[in-house]
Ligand SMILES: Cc1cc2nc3c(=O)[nH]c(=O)nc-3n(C[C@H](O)[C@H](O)[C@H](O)COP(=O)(O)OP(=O)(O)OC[C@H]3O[C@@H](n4cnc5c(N)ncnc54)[C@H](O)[C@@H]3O)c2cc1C
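Quick heads-up: it's one chain on its own, the form predicted on its own, in structure tokens.
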């Protein structure tokens, strides 16, 4: 029998050896046994593949599905302390490869942090970062209020807000990020703090468009607004009506602005059977309000507009025939309002030779979107304390290209085709002196310099915030997803 002292030494050696060889996932499993999913567990594949686009999915070493904020604090603290790379996923709608997932690192899945609590006295809603917008709208509907949030019901709350967040209510109330009154944030060392208009005000502003660069946002407290029935839906037009719609779009944007009105034009150019779609939203229960009169003379092929609940308007926005495609990319640019330039952008896009190459890919799909951003959207942001986006206070349009295809081997070709078209659009805008720097994070492609587009002063301010709240640069160097500070 070994002496007691020697037994103690052996036990310590085994313990030390065990500590040395213990993997990060084993460590987390020991600390949070019910909240860690390992690769060999049956539920791993389902949870790992929750990212909406196939090309955004990855194979993490393990997944943290935290039950509460305290557990997530423990996980973040241990990940950063041990220099373990990790990704953060709210709803997983970001299509950037690895944007909200990771290979051979740890994925933090926020889906269990999905509380939705309405405070009638404060006129705010406290929403978990893993909630989906459709659930938020439905939870608030019995109270006859809503929040400025996503235009699709399956998008995660956290990713949309931290990227800016364009809403059907943005014409009156600004972007989704502008309407957050408090961010509950886990810093790199596991500390939980609140960032708002009176506490950590520098971080509060930086998070309004700052993505995942500063911490894990667990909960958002968001201003609510009274709402009842609304009017809206989708109007479908034959492809030959597209030039008339572009002309009407310009008149709509450059004419008198109704802050209750919002539109978006979508055109699936590689599938003419869809025609051209005009998405319409009016935040009051009035059918065909004068704000949309400029479109009246254009013949409609199919009309789904009606007076309905706001949650119904949101849930009716997806086209299942398109959203079932597996691999996606989108790309965006911001242009100053200019009717002549819009026509040139239309001609560049619809006549692009790349469309033929894209359509030859299996399920190759290309959708052209135009979203008008009124001055009031930018003014509302400033009235609510400002954000980090650097938006120019002028009428503008956010142009977006969406592409879908089937096979991984076509990824590079699909990315390069859309970039080639957008490069020509940017060249035309530069020639007309109507190119604006801003790149909308929620619609950006993997190679676009999003945060650089916010402007030099905002970038400097955000770097100071990063140095103050994350001096070890954990969210720059360990969290590789999203769009990083330049």
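Keep in mind the model is a prediction, meaning the values are calculated, not measured. Positions refer to the first chain, counted from 1.
Omitted here: the form predicted together with the named molecule. The next part is about that form.
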Completion exercise
Answer among 339-347, 303-311, 156-164, 387-395 for heavy atoms within 4.5 Å of the named molecule in the model of the complex: the stretch 156-164
Practice task
Could you confirm whether residue 208 comes within 4.5 Å of the named molecule in the model of the complex, counting heavy atoms only?
Solution key: no
Exercise for the section: Mark residue 438 yes when one of its heavy atoms lies within 4.5 Å of a heavy atom of the named molecule in the model of the complex, and no otherwise. Expected result: no
Exercise for the section: Indicate whether the named molecule has at least one heavy atom within 4.5 Å of a heavy atom of residue 454 in the model of the complex. Expected result: no
Problem - Contact of residue 230 with the named molecule in the model of the complex (heavy atom, 4.5 Å) - result: no
Completion exercise
Exactly one of 262, 179, 146, 212 comes within 4.5 Å of the named molecule in the model of the complex through a heavy atom, and that residue is 212
Exercise for the section: Check each of 110, 267, 136, 195 and return the one that places a heavy atom within 4.5 angstroms of the named molecule in the model of the complex. Expected result: 110
Practice task
Scan 98-113 and note down the residues that get a heavy atom within 4.5 Å of the named molecule in the model of the complex; none is a fine answer too.
Solution key: 99, 100, 110
